[in-house]
Each structure stands twice: as C-alpha cells, then as structure tokens.
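A single chain, nothing else alongside it, follows as structure tokens in the form predicted alone.
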C-alpha cells in the first residue's frame, strides 16, 4: 500500500534548506523554457497508462521483456511522430526519451529502437550525400524503415582497422557484394539488430578493382518489409541476456554474398564511381563523425546516471537511522556520519560538473561540426581527443560512483527494487561501447604527445592544451596556496608533466629502435596516465570557470551552494590524485592535511542542503523507479510494497513444495 504522507525526516531536510530548489531545477534543465518542455514531456509520457508496468520487468523472461519493451517503444515512436508533425521534436526531446532520464522511466532496461534514432539516422545525415539523405532520411524519420548501426564484430570492436566484414565492388552490376568471411567477422552487439531493425548501416572493408580502400558504410536491407523474414544471405538474431540493457535487443549479423546497389554506400566523404574508381576522403577522420557525436552525448548521460544514483542514496541516507554517534543519543540519520557524506556528496558534485562539462562539449561539437561543413578541419583532432578522454573518464567515474552509492545503502541497495542494479548495468556499459575506455585514452594520448612535440618547437597550441606551452616555461610549480585557482593550475601543471613523461618515454623507445606502434605499446601506461590527467585537468578548469560564472547569474543563496559544490569537487579530485601532485609539486605534509580538512569542511557545509540539492535534479519517481529513493521518503513501506508484486508471493504455498520439497523431506520415513 503506497504511503501518502512524506517521511518527517526527509521533510525536515527540505524545510531547513537554504536555497530554492526550483531555481536549480531550471538551471539543470537548461533554462525556463526547457524546464517547461521537460514537464510537458513528462505529462505526455508518464501519465499514459499504456506506458506503465503492471509487473516489475525483472520478473519477465528475456523473450517477454523484449516483446513488452517493443510494444512500449512503438508507442513512444508514435508520440515522437506526433511531436515531429507539430515541430516539437528538438534534440532535448530525443535526449530525454532515448537517454537516461525520461526514457529510463518508460523502458527500464533500454529501448530497442534507440540506435535507429541515435546512430542510424545521424550516420545517414553525417555521411550520406544530399541525394542519399533525400532518399533515406524521410523513410527513417517516419520509421517506414527501422535501422541500426552494425560496426562491432564478434572478433573486433574498438580496433576498426581489424574489422573483417568485406564489401567488394562488382562494376558489371554496379553492386557491392558484402560478406562476413568468418565467425569472428559476424556483426555483434548492435542494438535493435536482433529482431527489430530491417535495415542497417553496415561498416565493411571496401575493395574496388581488387584494391583495399579502407572502411566504408553501406545501407543494407536485413529483413523483408512486409514479412520481416531475413533477406537472402542474412543470418541474424539476438545475442542473449546481459548484465544490463536487457531489452535493447542487441543482435548478431552474418552476410553471405549480399548484394547492395552502388548508391547504398554512403558517399559524402568518399566515393566509388560506376567503373570502380575510388575517390578518397579529404580527411579519413571525417568517417568517425557519428561516433564522436555519440561520445559527446554520452558525457551528459553519465551525469544523469550519477544524478539518479546520488538522489536515491541521499534520500535513503536521510531516512535510514543506524549506529549511534553518541551512545547516549538515539540512532541518527546515517547521513550524519562523515564517512557516509564522503560516499555521497562527491557523487553529487561530479553529476553537476559532468553535466556542465557535457553541455559545453556538446556546444563545442556543434560549432566544430559547422566548421567541418565549411571545410575547416583545424579543430577536429582537438575535438576527437577531448571527446575520447572525457567519455572514458566520465563513464568510469560514473560507474564507480553508482556502485559507491549502492554500497552506501547497505543490503537494501542490493535489491532490484532499489534500481541500483539497473542503473549500474546501464552505466558501466558506457565504459565499453562507442570506444573501450583504455583505447579512448590511448587515442587522446596520441594527440597529446604530438602537440607536446609541437610545443617544444615553439608552436602555440589550441586552448584546451595551451597549458602545455605554459608548463614548458616553468621549471617547477610555485605558490600552491590551496585556492581553487591554484588547484586548477596545479592540475594543468601535473597533466603537462604526465604528457612530458609519456613523450620522453615514447622517444626513448624509438631511439632504442622500436617502431611508433611498438613504442606506443611499450609505454602504454604512461600514455593512458597522461590522457587521464589531461581530461581531469579539463574537467577542473571547466568546473572552475563554468560554476563560478553560474554563481554570478543565480541568487546569492544558490550561488553559495554552487561554490561549495565546486570546492568539494576540486579538493576531492586533487586528493584522489595526490600521488601525482606530490610527484610534480612541492607540497608539504601540512599542505595535504589542509586539503583533507577542507574536504571535511565541504562535506559539513553541503550537509544541510544535500537532500534539496538532489531534489533539484528534478527526477520523477518513475525515472528513479526506486523504493529507496522515492520523493516521499517512505523507504520501508515501498520496499515491503515491492514484495507484494513478486509472483512467488501470489500463493501461500508454491507448487514446487508438493513436487520436490515434501517428497525430499518425507523420503527417510
């Protein structure tokens, strides 16, 4: 039975907050207009009975979950059609419905149509010619065809050059003949591929006139438009159950002599002429535009994951009472324990910093995309490097943060009804898809050592790595006074020195006679460490710049809270990398102790506003889907209510008792 009154402990937290939560909610949403649009979407989708779950999806079989999810996905798709017809289908709408917020409320384990919208359509837009966009986009937007993006293979993932799927051009018929020549070349993992999509962008090694040309994307029909049966030469299905994202319908795809017309190769960046003549792209990096687009979007998704996890854990910590601090006093809220605050509050701060950074990176991507359209590729390497390392850092930190929040809730955090298992499953997947994190760091490192060499030659670097120029003029870091600005500068100095060491190690291996790739492998740990610190220095700089700027735009009360969040984030980030700081900066024992004391001070100052701050993320109870994190704070009532939905409890005696247990118990008589 649902509780109707708000738990008094959590209500007290809200009553004593020092700022207006709606002000931050509007800020978090991106402004008053977007806040209102968010509320309109929630009303449109969350008040539709057809999109509610009668039974928690964790009790469904894999087949039942897919069918249940596809039904709801089609309802969502129909609503999107209506929004498009009314001109109300902006980027924020798709982010909400297909990302980690509103979409998760409706389809807890993922949407089998997501890749159609976030990969299939953008790939056609980004890599198709104008004529190809005219031919395919209207069908895709209207869902007359359902697509996915088939790149990863059973034997190869992030290493794109290793992909085995092959497309040979036949000039006699003006067709490409596509094959997966081995089991390891089968496409593996694309969402919606199993039983949902009838088309795919298939990435294959292109051969024309017997010459290997590199990777190219092809639109391939997978299933018949009417019967949905696999087309000739297509071997296709669902790959099975997974840790998370259980209803995304990830699939496998084998192709045997599948022929597609010449025009089915997306040719905005590279072309094949009718006679087989190959026209190479101006820049090979252009073909990676879709993945860069998705990586930028993923940074904001990680912020949503942390916002959800920290909201659940913070509300629970305001209600749960345990372990007296003073033996003569009643059990306190567990949030009174400093150790509990240290688990929770840095995750709140990271959510805010990752969201702020994600918004900035998204805007930067849009600006650079415009420059690319005009033929200006100058900032493309910078954008690629930044999106790679931030995707890796934010996803790894978010996955660890979700797990920390789960652990902070004790045994109850282990229950499905807490929603931590699902949030973790969805979040940790980001560490792997769209570029495995270690490989992402190595790609960033390749850029860093290159620009470090340029800096040594006296070249002025672009803004995101300009700190390397500055560090080259400094023998040592001076005047670390513990201020926020000095922490940011220290991060940059440390990052520059980690890049210096990676560069020197790479040069050392080359002088020893190793080729570039072998040398890079031998000093891989130096390279990934440099990329990690580069990303963290960028996060520190962005947090410092953006949160201080925001604090000047809001009320003094909210500004005070944002400044505490900023200080907490920077001090915590510094202490988490204190070994690197001690290596390159002359910090004393007293300096480190001061940082540790400041961390405790930040926790204490954020404590009165913790519940209201997570309230300000404005996450609907359906989005959280957690017995531990409901807005009313009635944790125990919601946990017990969840047991009543358990099919095992629908009968007092399960049939297995008479079938198995009773005969076993009576067997010795």
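Positions refer to the first chain, counted from 1. Since the structure is predicted, the reported quantities are computational estimates derived from the model, not experimental observations. Between two forms, the rigid core is defined as the largest C-alpha subset superposing within 1.5 Å.
Keep in mind the form predicted in complex with another copy of the chain is missing from the figure; the text below concerns it.
- For another copy of the chain in the predicted bound form, the listed stretch (256-264, 587-595, 478-486, 362-370) containing residues with heavy atoms inside 4.5 Å is 587-595.
- Just one of 295, 320, 350, 536 comes within 4.5 Å of another copy of the chain in the predicted bound form, counting any heavy atom, and that one is 320.
- When another copy of the chain is considered in the predicted bound form, only one residue from 83, 342, 234, 121 comes within 4.5 Å through any heavy atom, namely 342.
- Residue contact check for residue 469: none of its heavy atoms lie within 4.5 Å of another copy of the chain in the predicted bound form.
- Heavy atoms of residue 355 never reach within 4.5 Å of another copy of the chain in the predicted bound form, leaving it off the interface.
- In the predicted bound form, another copy of the chain sits within 4.5 Å of a heavy atom of residue 665.
- Contact check for residue 170: every heavy atom lies farther than 4.5 Å from another copy of the chain in the predicted bound form.
- Contacts between 125-163 and another copy of the chain, taken as any heavy atom within 4.5 Å in the predicted bound form, involve 142, 143, 144, 145, 146, 154, 155, 156, 157, 158, 159, 162.
- Relative to the superposed rigid core, the position of the CA of residue 205 differs between the shown form and the other one by 2 Å or more.
- In a rigid-core overlay of the protein, residue 226 has its C-alpha displaced by at least 2 Å between the shown form and the other one.
- Core-aligned CA deviation for residue 354 between the shown form and the other one: less than 2 Å.
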